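Just one chain is shown here, as structure tokens, and it is the form predicted on its own.
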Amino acid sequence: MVDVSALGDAILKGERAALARAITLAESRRADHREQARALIQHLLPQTGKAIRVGITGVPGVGKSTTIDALGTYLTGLGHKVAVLAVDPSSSRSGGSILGDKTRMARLAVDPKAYIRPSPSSGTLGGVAAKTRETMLLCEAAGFDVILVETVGVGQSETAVADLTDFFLVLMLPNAGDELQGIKKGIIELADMIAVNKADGEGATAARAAAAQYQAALHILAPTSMIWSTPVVTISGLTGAGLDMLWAKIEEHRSRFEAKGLIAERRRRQDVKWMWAMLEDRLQARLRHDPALKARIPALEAAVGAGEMAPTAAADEIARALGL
């Protein structure tokens, strides 16, 4: 049995072992562990919410890890404490690799002011996002004032990360000509800033040209807010060039939105979505672990697949078993 009060006090003192233990508790599927994790987060809740939460996404090969490593190192150099969390709904078996993340972010991995943690995959994006949110709150309670949430999956993971954070950064490659055709409009509409990476050496000219094209493309879309027009910057995760401007834009966004009370409003909306994500996760857990349902579902699937039973009838039977 975990002493929630003692564990919470250790986290507030910034003890890494306590933080790691608490995150493992939050990630557990055991009912007693989940209950203890909920009690711990409720206990720590007044000490959370003070960090700048930044979501980061980008196409494969854009250099997310290199950029996060460089940005995080720049921020710790300014005196910030940085936590890096990864949302990976694509890894249903392993949920990501701590060793892999630390290998990709070599400087942050050994930085005493940084903490790297991947989210576990629970088979549903809502579950992954819920666990990431719990981890984020625990990191905030431990004193981390910048939370970088990286999406390493595809598809809806971008939306999930945008729903976890205050600021959504989209990284792009310099070869804008082809990439502009393949940009998902929904992701661009979520972006609070676009950063064209690899603006170093021979790529600098191409990056500037790409940035101009992205800026032109943004004019077609409605702005994400009446008080913020999505900027486009060029950076190099490899050399660190442009990261000071990138961070200045993030701070400017926070200053503007806090002054209007929009950060708090956004987080309240996110909390409601979190509630529904956790409810969905618990329903999924019931489906996975209820003995009667586990025994009955294969027969229902077979009957529906064979055309012997209507999908609506099967769904009704499962819903009744869940008490719905």
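Numbering starts at 1 and runs along the sequence shown. Just so it is clear, the structure is predicted and the values come from calculations on it, not from any experiment.
The following text describes the form predicted in complex with a small molecule, which does not appear among the structures shown.
Q: Could you tell me which of 275 to 283, 258 to 266, 33 to 41, 54 to 62 sits within 4.5 Å of the small molecule in the predicted bound form, going by non-hydrogen atoms?
A: Correct option: 54 to 62.
Q: Give a yes or no for Lys198: in the predicted bound form, does one of its heavy atoms lie within 4.5 Å of a heavy atom belonging to the small molecule?
A: Heavy-atom contact with the small molecule at 4.5 Å: present for Lys198.
Q: Taking 4.5 angstroms as the cut-off for heavy atoms, does Ile188 touch the small molecule in the predicted bound form?
A: Result no; Ile188 lies far from the small molecule in the predicted bound form.
Q: Any of the heavy atoms of Val233 lying within 4.5 Å of the small molecule in the predicted bound form?
A: Output for Val233 is no: heavy atoms all beyond 4.5 Å of the small molecule.
Q: Considering only heavy atoms, tell me if Thr66 and the small molecule come within 4.5 Å of each other in the predicted bound form.
A: Looking in the predicted bound form, residue contacts with the small molecule include Thr66, since a heavy atom lies within 4.5 Å.
Q: Note which of Leu246, Ala209, Leu218, Leu238 lies within 4.5 Å of the small molecule in the predicted bound form, where distance is taken over heavy atoms; exactly one does.
A: Partner contact (heavy atom, 4.5 Å) among the options: Leu238.
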